[in-house]
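Below you'll find only one chain, the form predicted on its own, shown as structure tokens.
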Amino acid sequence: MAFKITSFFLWALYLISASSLCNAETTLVAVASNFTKPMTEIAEAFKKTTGHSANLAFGSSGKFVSQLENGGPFEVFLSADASNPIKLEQSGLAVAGSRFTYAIGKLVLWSNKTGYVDERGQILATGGFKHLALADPKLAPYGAAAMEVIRNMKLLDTLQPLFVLGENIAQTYQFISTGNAELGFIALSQIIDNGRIASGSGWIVPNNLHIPILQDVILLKKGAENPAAPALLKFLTSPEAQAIIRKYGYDIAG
């Protein structure tokens, strides 16, 4: 009798598991480049927890908006700012009321050279470098934040001739890591490991030098009928996802 009960219980678990797999869906997600590492981990946890999959595309927030305005296929958009999701909401391309801040970003001035960038970022004023990389401020919120820092430090006239603009924060990182630019502004999440800058040298920019980098997510209308899309938004608020977000140096709103 005990064997029969156990067998029945295992069979029931199999049926539940099989049913969950049958109902699993895949959502196509546009993700700001600065959030590449944490979102890759979150997608793995999302699949393990819910059975749903998230296919991720990484790039600049501004370019994603242009793609969406021209019929892009994405169902969820994780932006590097709040203004781009608001724009999509106002234009009717996103589900009203679905937007929220999933992370608050941190900007860092970084060089792949050990000891090159001082802990107060004074190298920006003292100079001695030929190239300063930042993401295109017209496309990338972290680039816009970098410009704000430079203006607040009253160094725009001095530094602007040295700018090397990346299409997004990932390309900006490549400019610096390969030595094509001696230093530049990127997201802390790109170089953090166990709470510390993993390589080179950097200055974590104080929050008072730029407005908060509120990174918002929004459900796009193309994903409204796909169960995996709203499930991903819900998962972003889970303790599991938020622990991953914090691990990469982001703050959580609220």
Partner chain sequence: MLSPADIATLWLTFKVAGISTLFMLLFGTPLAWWLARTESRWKGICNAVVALPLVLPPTVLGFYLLVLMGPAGVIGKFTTWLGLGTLPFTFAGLVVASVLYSLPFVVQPLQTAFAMIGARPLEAAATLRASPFDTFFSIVVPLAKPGFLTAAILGFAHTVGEFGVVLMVGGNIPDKTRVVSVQIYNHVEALEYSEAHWLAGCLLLFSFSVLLVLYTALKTHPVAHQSLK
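Numbering follows the first chain given and starts at 1. Every value quoted in this text rests on a predicted model; they were computed, and no experiment measured them.
Missing here is the form predicted together with its partner chain; even so, the following discussion is about that form.
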Which is the contacting stretch out of 207-215, 27-35, 66-74, 189-197, given heavy atoms within 4.5 Å of its partner chain in the predicted bound form? 66-74
Residue contact check: Asn152 to its partner chain in the predicted bound form, 4.5 Å heavy atom: no
Does at least one non-hydrogen atom of Phe175 fall within 4.5 angstroms of its partner chain in the predicted bound form? yes
Do Thr101 and its partner chain share at least one heavy atom pair within 4.5 Å in the predicted bound form? no
Using a 4.5 Å heavy atom cut-off, state whether Ile123 contacts its partner chain in the predicted bound form. no
None of Ala181, Ala94, Leu107, Val117 but one has a heavy atom within 4.5 Å of its partner chain in the predicted bound form; the exception is Ala181
Which residues from 121-144 come close to its partner chain in the predicted bound form, meaning a heavy atom within 4.5 Å? His131, Asp136, Lys138, Leu139
